[in-house]
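Take a look at this single chain, the form predicted on its own, given in structure tokens.
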């Protein structure tokens, strides 16, 4: 019997721990991103005039500017989180374009984990910026009776982040897979290009929404 977790087939076991297809693909993507980051860091430090250094500077600056526009101030930790989310999701979506590779973001387990990271980052950022009491007070504004609605709102938007990303990536991957199976490899190329564009757009949307939620927590006292 083929064992599945969150719909993902289990490839093998590391002791008692089952390893799924999504775990393997997400780990490979993470290792590739870390390798690229280390390589770019070396190039920036040793050859700052190299065109790859320019690309690295522009990438970091774009995330810094994005966070500053949304949050209203520069915030290195939030910029790092936003950049990590975008690059990981985008890389997973790009990897899904290769034959036989199931995108990690096409699994509800991965998108749920990403949404949980954002969910936990919101109160952490709010408490670090405003303090525990000042941050918690915003749940009781403008009326203490609305506190349950604030909590439900944060839980529902976390669920929406996970389901939105999972639905868009999974549906696009299935459509491309069906077209390849029915029409061959060359015919669905325009659809694959569109699917890739949608994947990058979904990575951007996830990053924007995550930054907005964290920015709202940071600015909770000012509101």
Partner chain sequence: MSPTVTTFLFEAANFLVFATVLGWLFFKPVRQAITNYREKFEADNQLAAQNLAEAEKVRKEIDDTHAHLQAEMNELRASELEVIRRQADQILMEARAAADREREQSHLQASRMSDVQQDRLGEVSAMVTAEMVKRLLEQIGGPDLQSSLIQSACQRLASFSQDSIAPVKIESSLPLSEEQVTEIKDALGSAATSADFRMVDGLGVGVRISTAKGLIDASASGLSQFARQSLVKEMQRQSNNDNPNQSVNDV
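Just so you know, these numbers come straight off a predicted model, no measurement behind them. Residue numbers count along the first chain shown, from 1.
This next part talks about the form predicted in complex with its partner chain, which is not shown.
Although the partner isn't part of this model, could you tell me whether residue 40 comes within 4.5 Å of its partner chain in the predicted bound form, counting any heavy atom of the residue? Residue 40: contacts its partner chain in the predicted bound form.
Heavy atom of residue 109 within 4.5 Å of its partner chain in the predicted bound form: Taking the distances in the predicted bound form, the answer for residue 109 is yes, it comes within 4.5 Å of its partner chain.
Does its partner chain get within 4.5 angstroms of any non-hydrogen atom of residue 84 in the predicted bound form? Within the cut-off, so yes.
Touches its partner chain in the predicted bound form: residue 166 (any heavy atom, 4.5 Å): Judged by the heavy-atom cut-off of 4.5 Å, residue 166 is well away from its partner chain in the predicted bound form.
May I ask whether 10, 23 and 61 all come within 4.5 angstroms of its partner chain in the predicted bound form, judged by heavy atoms? Affirmative, all three are within 4.5 Å.
In the predicted bound form, which of the listed residues (114, 125, 71, 95) lies with a heavy atom within 4.5 Å of its partner chain? Only one listed residue qualifies here, and that residue is 114.
The single option of 160, 197, 44, 189 touching its partner chain in the predicted bound form, heavy atom within 4.5 Å: Contact with its partner chain in the predicted bound form is made by 44 alone.
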